[in-house]
Ligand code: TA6
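One chain follows as structure tokens, the form predicted alone.
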Amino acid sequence: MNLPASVTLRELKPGFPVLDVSHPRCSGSIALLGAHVMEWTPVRQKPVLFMSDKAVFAEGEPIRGGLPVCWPWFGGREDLPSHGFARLRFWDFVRGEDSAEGVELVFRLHGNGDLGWPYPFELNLNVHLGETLAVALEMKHLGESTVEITAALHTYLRVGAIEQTRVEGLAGSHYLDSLDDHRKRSQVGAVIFDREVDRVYLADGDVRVVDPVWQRTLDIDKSGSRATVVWNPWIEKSKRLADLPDDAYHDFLCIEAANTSGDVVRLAPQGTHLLRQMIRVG
């Protein structure tokens, strides 16, 4: 594995490789399982990504926290893994390069109908870690018939206290409330958190997470997506999630660039789609 100078390879546990980044602009770590960004901390900042203290690190199991890649479906399917299989498989490291601005790393997953998806495909995930975090998922459909895909970059963002956090940029947008039979509602003002929130906003613009406790903002922009998922499990659901401490809901929210709920991707033979998300700290 030909790694850039800022990147080292270690085993988090036997058979579970992780790439650690130590660059003048940031530190970070990426598991080859799912090409999963687990840590990103820009220089002179607190960690930006949340990782559960009870996360499971094993092939075939999702990692709770960080930035999971949900593909080729988002959500649950009967008798199939929730959010697809891309996050449950080891990806190949393709290449990496250091620059003054950070490090670029590229990972690949491909299949020929042998991974629980009956179509040949290739996924390429380009990750930039520096003073910004940028993740771009390129989906390539290599089959002979058109397919429909849903996907998401399921980003867990660490905050000082969820009860004081708000999300700006979605006012006036319609959303589907997953906790109320997917009823369509309209957002008034900023999104606040005083209960479980699980919503798909029909919005393609940028959002800002305002965190008064840690006195910072997280600006999130995206492309290739017309849906933004906002999620926090709150008290009761946290207790039901075995890989999440009961009180961890205080410490994070998810903002997800998604292709779902009216933004399903249709890929013709040899078609491609690029889903991208970028985060900067203010």
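Here the structure is a predicted model, which is why all the values come from computation and not from measurement. Each residue number is its position in the shown sequence, starting from 1.
Missing here is the form predicted in complex with the named molecule; even so, the following discussion is about that form.
Visitor: Taking heavy atoms and a 4.5 Å cut-off, does Asp204 contact the named molecule in the predicted bound form?
Guide: Taking the distances in the predicted bound form, the answer for Asp204 is no, it never comes within 4.5 Å of the named molecule.
Visitor: Do Lys222 and the named molecule share at least one heavy atom pair within 4.5 Å in the predicted bound form?
Guide: Because no heavy atom of Lys222 falls inside 4.5 Å of the named molecule in the predicted bound form, the answer is no.
Visitor: Give a yes/no on whether Trp117 approaches the named molecule to within 4.5 Å in the predicted bound form, heavy atoms considered.
Guide: No - in the predicted bound form, heavy atoms of Trp117 and the named molecule never come within 4.5 Å of each other.
Visitor: Taking the named molecule as it sits in the predicted bound form, is Phe50 near enough to touch it, meaning that at least one heavy atom pair lies within 4.5 angstroms?
Guide: It does not: once the named molecule is placed as it appears in the predicted bound form, Phe50 has no heavy atom within 4.5 Å of it.
Visitor: So, a 4.5 angstroms cut-off on heavy atom distances: do all three of His83, Lys237 and Glu256 pass it with respect to the named molecule in the predicted bound form?
Guide: Yes, each of His83, Lys237 and Glu256 comes within 4.5 Å of the named molecule in the predicted bound form.
Visitor: Could you tell me which one of Phe193, Tyr175, Tyr156, Trp73 places a heavy atom within 4.5 Å of the named molecule in the predicted bound form?
Guide: Contact with the named molecule in the predicted bound form is made by Tyr156 alone.
Visitor: State the residue from Glu168, Asp98, Asp198, Glu131 whose non-hydrogen atoms include one within 4.5 Å of the named molecule in the predicted bound form.
Guide: The option sitting close enough to the partner is Asp198.
Visitor: Hey, of 212 to 220, 30 to 38, 50 to 58, 225 to 233, which bit sits against the named molecule in the predicted bound form at 4.5 Å between non-hydrogen atoms?
Guide: So the stretch in question is 225 to 233.
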